[in-house]
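Just one chain follows, in the form predicted alone, and it is written as structure tokens.
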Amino acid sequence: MVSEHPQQGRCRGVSGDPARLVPARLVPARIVIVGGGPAGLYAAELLAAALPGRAVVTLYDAMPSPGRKFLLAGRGGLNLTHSEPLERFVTRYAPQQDWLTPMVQACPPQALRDWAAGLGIETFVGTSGRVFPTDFKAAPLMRAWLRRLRALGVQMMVRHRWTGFAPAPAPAPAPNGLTGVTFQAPDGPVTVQADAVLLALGGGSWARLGSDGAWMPLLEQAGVAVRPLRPANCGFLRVWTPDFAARFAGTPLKAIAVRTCGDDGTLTPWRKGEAVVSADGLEGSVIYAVSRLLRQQLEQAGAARLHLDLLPDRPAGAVTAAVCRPRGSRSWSTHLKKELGLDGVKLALLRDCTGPDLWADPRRVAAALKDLAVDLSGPRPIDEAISTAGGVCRDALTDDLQLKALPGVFCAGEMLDWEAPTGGYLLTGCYATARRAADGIERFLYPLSQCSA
């Protein structure tokens, strides 16, 4: 370890505790951050701001510029976080809610809005409760963020792909306390020495933007327990009839509600939203909201069932009464359009997911309109998913998100084994884990036991 001696005085650390005492170093600590997504960038900012003159923070990224996935995700309107009460907010991280809750409490949604405001980016709460920049754009925030990082002295090395450690790390720290980190750079292999390392390499979706999961075997080889990466916030596959697929692929399903089998084996409450029919299944925000549960069914039973309410704003009794009115010589299509305003994709979906015997009983038709079973055969490919589940196991990490097998190496962001639905929860989780890891790095470099009063 680089030699250090205690220095009297107080310094506000990443944790925000003004009573934290930090020792001075004869040589600034070298902090290497691998990954230029939100988690890596935020940790770099926190550490550079907390340890001025005490650390040199260098961020490495495989892409030509940082924040590629962040920028693409923000093209449709950057959903920074969500405004719902914190006690409800943290439930979105089930089944790892107990793990993520204290991290999110230390980095809550309002703190992210304040952080964005400090960059000159004002935010607002949309009708759905989601929080967006007032201009809906990610690029201005990223530009302001990079300016702040440069002003703080953060060094950035792009086109550097992480390839592991050198020499191979052992359960005990190396004699000099340093970790060798290796990269494939434009001019060939590069090895850098670090006093502390943060891996923030993302999950396994959107490989063309850098999140390709290539870090998984590297950590496994180093003795770190990981769970396989699986698609999350993704669409699902369904075999439609050729006519339905040809006519309605790409058509939105507006004003619907969905539910499926929950963790306890019972059906979840109905969730309203919108979906989109694809040529071979369903996707869209309301599908993503239940994607974890659907994926679990597929993993456990090889099949999953989604329930659709095609008329969520109409009570079941009213739908039954309308469907059971005499239709005379009218066809079912004409009757349902006249009585319920049902036509187009919803009517076609009802026909595609039911048998011909359904139409002999109006009450069964009404029941299907309010609870239509759609069987799904699998998730869409992982590279099409918005995010991934799996990654570094919770048990492989200390409370500070330091790898137990690799002292001095920390992890943050989507590469950890947690998941959340879209709606601002993913980004908030990445920021929250980055704050926890950054605080852990500060404690690792400047342990309290070495500080004087």
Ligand SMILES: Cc1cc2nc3c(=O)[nH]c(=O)nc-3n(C[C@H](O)[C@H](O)[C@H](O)COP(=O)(O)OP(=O)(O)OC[C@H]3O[C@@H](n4cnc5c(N)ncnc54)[C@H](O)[C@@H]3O)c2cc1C
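So that there is no doubt, residue numbering starts at 1 and follows the sequence shown. All of these numbers come straight from a predicted model, not from anything done at the bench.
If you look for the form predicted together with this ligand, you will not find it shown, but the lines that follow are about it.
Contact annotation for Trp162: at least one heavy atom lies within 4.5 Å of this ligand in the predicted bound form.
Proximity of Lys69 to this ligand in the predicted bound form falls within the 4.5 Å heavy atom cutoff. Contact annotation: Leu201 falls within 4.5 Å of this ligand in the predicted bound form, judged by heavy atom distances. When this ligand is considered in the predicted bound form, Gly391 lies well away from it, no heavy atom lying within 4.5 Å.
None of Leu219, Ala196, Met103, Leu78 but one reaches within 4.5 angstroms of this ligand in the predicted bound form through a heavy atom, and that residue is Leu78.
When this ligand is considered in the predicted bound form, only one residue from Leu47, Val409, Leu427, Val32 comes within 4.5 Å through any heavy atom, namely Leu427. Judged by heavy atoms within 4.5 Å of this ligand in the predicted bound form, the contact stretch among the candidates 204-212, 317-325, 354-362, 337-345 is 204-212.
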